[in-house]
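For reference, the chain that follows is the form predicted on its own, supplied as structure tokens.
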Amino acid sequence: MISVNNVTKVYNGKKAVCINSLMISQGELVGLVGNNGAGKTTFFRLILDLVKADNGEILINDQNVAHTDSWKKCTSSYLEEDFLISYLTPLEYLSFIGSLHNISEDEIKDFISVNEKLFKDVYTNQKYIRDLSKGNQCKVGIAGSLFVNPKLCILDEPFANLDPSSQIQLKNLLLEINSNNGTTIFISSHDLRHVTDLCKRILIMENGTIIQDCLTNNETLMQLENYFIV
């Protein structure tokens, strides 16, 4: 699904990302953790071809993201509220995203209805996205990345601005989509408990490099907490 080969990105003479080799297979649910400035968001932007790598290549479904667009048909993401269209209402925004994927408004409504505890209040909100709270903006972005039935979904800090109830609902929804649809999910989070509860594989990033790649088990949360305490 995702293959990273000898990728580097340098800003002001400093390597923001430097990954020799990484493979994420179809259907995996992978977490990316690291302190601020570790390079997580830059790495996601490289995968999504929002910034260009200085060296190396990133492939999605064997397609180089820098050279083709075909991978975009199966990929969705939500990184931050700046990627939303702030002068639209949530309904207008989701309808626009649906039109890009040939998804009808009825299909969008069905998705919202099935997940109404998480999304209904923002879907029916008549405010412009720019006037919503950070948490509700996040919900709009997450909804837009999930209802399109992606094969790959990338989420940067999806729990950060959500209240506790919404965090639990989102966690359950991601597990369900991964299990039922085989969707590959790659998320970053500062919440170690959420990421260990959710992800079967966790990558630790430091100074732009993946320094640990491990499968989760009963000891993983404690190991991560010990790592970041030092």
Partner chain sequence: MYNSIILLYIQFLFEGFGGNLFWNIMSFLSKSVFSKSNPIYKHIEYKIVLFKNSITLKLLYHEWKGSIRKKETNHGFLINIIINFFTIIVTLPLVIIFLKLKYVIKSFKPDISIQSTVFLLLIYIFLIDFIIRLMVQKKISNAVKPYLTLNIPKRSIIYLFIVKTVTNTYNFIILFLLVPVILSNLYNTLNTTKIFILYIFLVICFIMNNYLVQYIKNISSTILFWITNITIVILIFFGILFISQINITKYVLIIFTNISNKPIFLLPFLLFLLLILKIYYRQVKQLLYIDSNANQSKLNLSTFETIRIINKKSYQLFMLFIIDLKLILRNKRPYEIVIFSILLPLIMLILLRFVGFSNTDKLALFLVSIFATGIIILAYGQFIFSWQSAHFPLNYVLHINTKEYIKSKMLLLFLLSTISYLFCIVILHSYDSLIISCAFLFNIGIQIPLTCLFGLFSYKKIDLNSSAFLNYQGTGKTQYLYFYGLLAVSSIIYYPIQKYFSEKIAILVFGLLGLISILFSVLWLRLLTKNLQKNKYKFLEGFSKI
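Treat the numbers as computed from the prediction; the structure is a model and nothing was measured. Residue numbers count along the first chain shown, from 1.
Below: the form predicted in complex with the partner chain, not depicted.
In the model of the complex, segment of 156-164, 75-83, 117-125, 103-111 with a heavy atom within 4.5 Å of the partner chain: Of the options given, it is 75-83.
Answer option from D191, E28, E57, D49, heavy atom within 4.5 Å of the partner chain in the model of the complex: The option sitting close enough to the partner is D49.
Close approach of T89 to the partner chain in the model of the complex, 4.5 Å, heavy atom: Looking in the model of the complex, residue contacts with the partner chain include T89, since a heavy atom lies within 4.5 Å.
Quick one: does S99 come within 4.5 Å of the partner chain in the model of the complex, counting heavy atoms only? Close contact exists here: in the model of the complex, S99 approaches the partner chain to within 4.5 Å, heavy atoms only.
Though only this chain appears here, would R130 touch the partner chain in the model of the complex if you measure heavy atom gaps against 4.5 Å? Result yes; R130 sits at the interface with the partner chain in the model of the complex.
Interface membership of D69, the partner chain in the model of the complex, 4.5 Å heavy atom rule: Close contact exists here: in the model of the complex, D69 approaches the partner chain to within 4.5 Å, heavy atoms only.
Residue by residue through 1-25, tell me which have a non-hydrogen atom within 4.5 angstroms of the partner chain in the model of the complex. K9, Y11, in sequence order.
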